[in-house]
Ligand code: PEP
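A single chain, nothing else alongside it, follows as structure tokens in the form predicted on its own.
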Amino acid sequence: METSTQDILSIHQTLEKRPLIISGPCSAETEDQLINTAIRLAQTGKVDILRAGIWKPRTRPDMFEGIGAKGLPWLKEAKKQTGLPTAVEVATAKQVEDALMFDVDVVWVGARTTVNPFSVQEIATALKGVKIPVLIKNPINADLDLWVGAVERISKSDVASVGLIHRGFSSYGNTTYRNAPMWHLAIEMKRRFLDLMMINDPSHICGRRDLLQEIAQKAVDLDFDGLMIESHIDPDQAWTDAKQQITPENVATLLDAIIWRKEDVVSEEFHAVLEQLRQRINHLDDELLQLLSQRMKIAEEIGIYKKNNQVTILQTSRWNQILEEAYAKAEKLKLSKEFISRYLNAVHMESINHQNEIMNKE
């Protein structure tokens, strides 16, 4: 079934809204649950698109994997009663076909699907020539090329528009968040695709409702275009992801508490002061690069000395000492341990590469 021209124009106008707010239950469970959630979200006046999980990719087969296609008429009825456009996740060509049959306005490719180019291509082929917006979540693992590849595949299908959803990345040893934000990867995607909308999904990053405000605010501060927040009429009784869902009314409360910042202001004084501060940063960056270059030259001298004395490049005790001393200094300098760790590891690997070249040079 093809989407009508009127629907295409309507959803396009909706997607132009900033901030764009998408909300709804992690899973459509019953018709009553879905429609009541939609009605309460609409009554807040703050939600632009209703989302609902119809098919749920679960880790284990004994977990609830979504109500399936029988939930699509509920979604269509919710749209009829509230006027909210609808969005669902799709992972196969059949799911795309079913979603279109019931006039779903927006589809998104989930994180577990983005990791598989075959699955993404199947969805892209099913969407060929269909004028519907498609949002693409980052892959569940921290692989930027997979995210880029998914954007390229879907874009070639001539869909109405493509957008990005940042929902965090699975990481070993992560304890604070369900999925580590890894903001630098999202920022890099924004840099590469300046024209694409990017919204943040704090629900899947946090995995718990008490952190939603913090992550949502940070996304807004980083100039994301909107938020996708999971909501439920009775979150604690939700069939999936109960801990990260909030009531429709709490969605409104969260949005009211956010400080919505602007990307720019029309003020000569503001830009003049900002330019002065940026020039100071530019000078410091130049100095840092010069210092790093000098550091690598010393590392090369060390490499020559080690080579002449048949000593290995990596000396773990020395590296551990450097880290411990740096962590102690970082706290006093108001630099996070996480940043120092990433910075020193990058510098260390560059130093090893320089020394390795010296060691193996004929």
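For every residue, the number given is its place in the sequence shown, counted from 1. Treat the numbers as computed from the prediction; the structure is a model and nothing was measured.
There is also a form predicted together with this ligand; it is not shown, and the following applies to it.
**Student:** Could you tell me if residue 110 has a non-hydrogen atom within 4.5 Å of this ligand in the model of the complex?
**Tutor:** Judged by the heavy-atom cut-off of 4.5 Å, residue 110 is in contact with this ligand in the model of the complex.
**Student:** In the model of the complex, does residue 330 come within 4.5 Å of this ligand, counting heavy atoms only?
**Tutor:** Residue-level check for residue 330: no, no contact with this ligand.
**Student:** Is residue 232 a contact residue for this ligand in the model of the complex, using a 4.5 Å heavy atom cut-off?
**Tutor:** Residue 232: no, not in contact with this ligand in the model of the complex.
**Student:** Given that the partner is absent here, does residue 26 sit within 4.5 Å of this ligand in the model of the complex, heavy atoms only?
**Tutor:** Residue 26: yes, in contact with this ligand in the model of the complex.
**Student:** Pick from 50 to 58, 317 to 325, 331 to 339, 36 to 44: which stretch has non-hydrogen atoms within 4.5 Å of this ligand in the model of the complex?
**Tutor:** Contact-bearing stretch, as computed: 50 to 58.
**Student:** Need the contact residues for 143 to 170: heavy atom within 4.5 Å of this ligand in the model of the complex, sequence order, or none if there are none.
**Tutor:** If the 4.5 Å heavy-atom criterion is applied to this ligand in the model of the complex, 143 to 170 yields only 167.
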